[in-house]
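This document opens with one chain alone, in structure tokens, the form predicted alone.
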Amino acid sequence: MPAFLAAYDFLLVSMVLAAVLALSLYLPLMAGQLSLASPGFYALGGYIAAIISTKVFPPAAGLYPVPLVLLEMAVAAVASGVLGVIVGVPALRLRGIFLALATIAFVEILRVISLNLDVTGGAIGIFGVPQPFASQIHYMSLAIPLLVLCMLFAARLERSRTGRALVALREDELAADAMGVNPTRYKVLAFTVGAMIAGVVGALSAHFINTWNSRQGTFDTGVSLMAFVLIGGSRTFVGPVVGGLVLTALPEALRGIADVGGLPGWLAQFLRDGRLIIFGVMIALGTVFFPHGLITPALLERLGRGRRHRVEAA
């Protein structure tokens, strides 16, 4: 086990962070809003952490203090939340593909701004973001509690009055509005909370990656996050978590299969060089054959019912 953790520490932490980031996209989608703004808030949180840790509190000898990392995550959450409200109020009047285009434009605007500011390092970015841990696997001590807290929050939200209002907006906004649900209020709430989660993940990721530039938090990131949610499942918070974990590990798993002995040379080479093509094909097939994702509320209910039956039988 220690050898496994040492070999795949970067991948394991990336899986957990991807699952949390997928939840930031799931929350607006829970209200029926096709928003791809999460990469922008993710980039904002990363820049905040990189600037604070390299310019405001420059690192001294030794490891960077973990309390300062937590402070950066809090600042990133507040800044992303404020920007989420500013962007969300006008943007969430749009629907469907128009909202998606508006949020893509928002991400590109933030990217262009970061390319032209000295404080963000311009096109080069900010290098040498200090490390709070001696080993990458130790980031799990922050990443896993963050994932658990976000999952608990999402689970509680789904069972609350606010969650039922969000689902009502997703199913039929006109009917929900007629029943007294304020569309703008709940959409902005979901959008803002998702922005805060993305900002927190960005702040932690800046330390984890050790550098931050305009290549983080781009449109490509938004497409990957959408794949996590759609393939994992967009009807329950468990879906984005499973999608983020599995799809982040999938390319590396394909590489591992290619390294297994006994495969024909052409097949092993294809798995190494074409694993991203296989990844894309699997995503395309998943959206066709599993339109609501692999994890659905009905599936979770059946699993829970089967577990109760086994416990009663025992």
Partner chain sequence: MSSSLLLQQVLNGLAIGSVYAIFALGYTLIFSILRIINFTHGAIFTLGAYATYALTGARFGFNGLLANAALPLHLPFVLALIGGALFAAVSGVIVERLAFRPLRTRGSDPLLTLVSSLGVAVALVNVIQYLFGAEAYSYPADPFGQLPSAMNFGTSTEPVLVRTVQVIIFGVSMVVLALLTVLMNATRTGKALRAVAEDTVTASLLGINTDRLILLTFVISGFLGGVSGTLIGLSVGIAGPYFGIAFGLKGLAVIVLGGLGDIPGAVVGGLLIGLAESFVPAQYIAYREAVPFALLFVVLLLRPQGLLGRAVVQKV
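Numbering follows the first chain given and starts at 1. Predicted model, so just to flag it, every value in this text is computed and none were measured.
Below: the form predicted together with the partner chain, not depicted.
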Looking in the predicted complex, is the partner chain within 4.5 Å of a heavy atom from each of I109, N116 and F219?
-> yes
In the predicted complex, R93 touching the partner chain (heavy atom, 4.5 Å) = yes
Evaluate I104 for contact with the partner chain in the predicted complex, applying a 4.5 angstroms cut-off between non-hydrogen atoms, and reply yes or no.
-> yes
Could you tell me if F127 has a non-hydrogen atom within 4.5 Å of the partner chain in the predicted complex?
-> no
Examine F270 and determine whether its closest non-hydrogen atom to the partner chain in the predicted complex is within 4.5 angstroms.
-> yes
Taking the partner chain in the predicted complex as the reference, which of I277, V56, A60, V66 has a non-hydrogen atom within 4.5 Å?
-> I277
With the partner omitted here, the residue among A155, V85, L174, V78 that in the predicted complex has a heavy atom within 4.5 Å of the partner chain is L174
Note: the partner chain not shown here; in the predicted complex, the stretch from 203-211, 224-232, 143-151, 160-168 having heavy atoms within 4.5 Å of it is 224-232
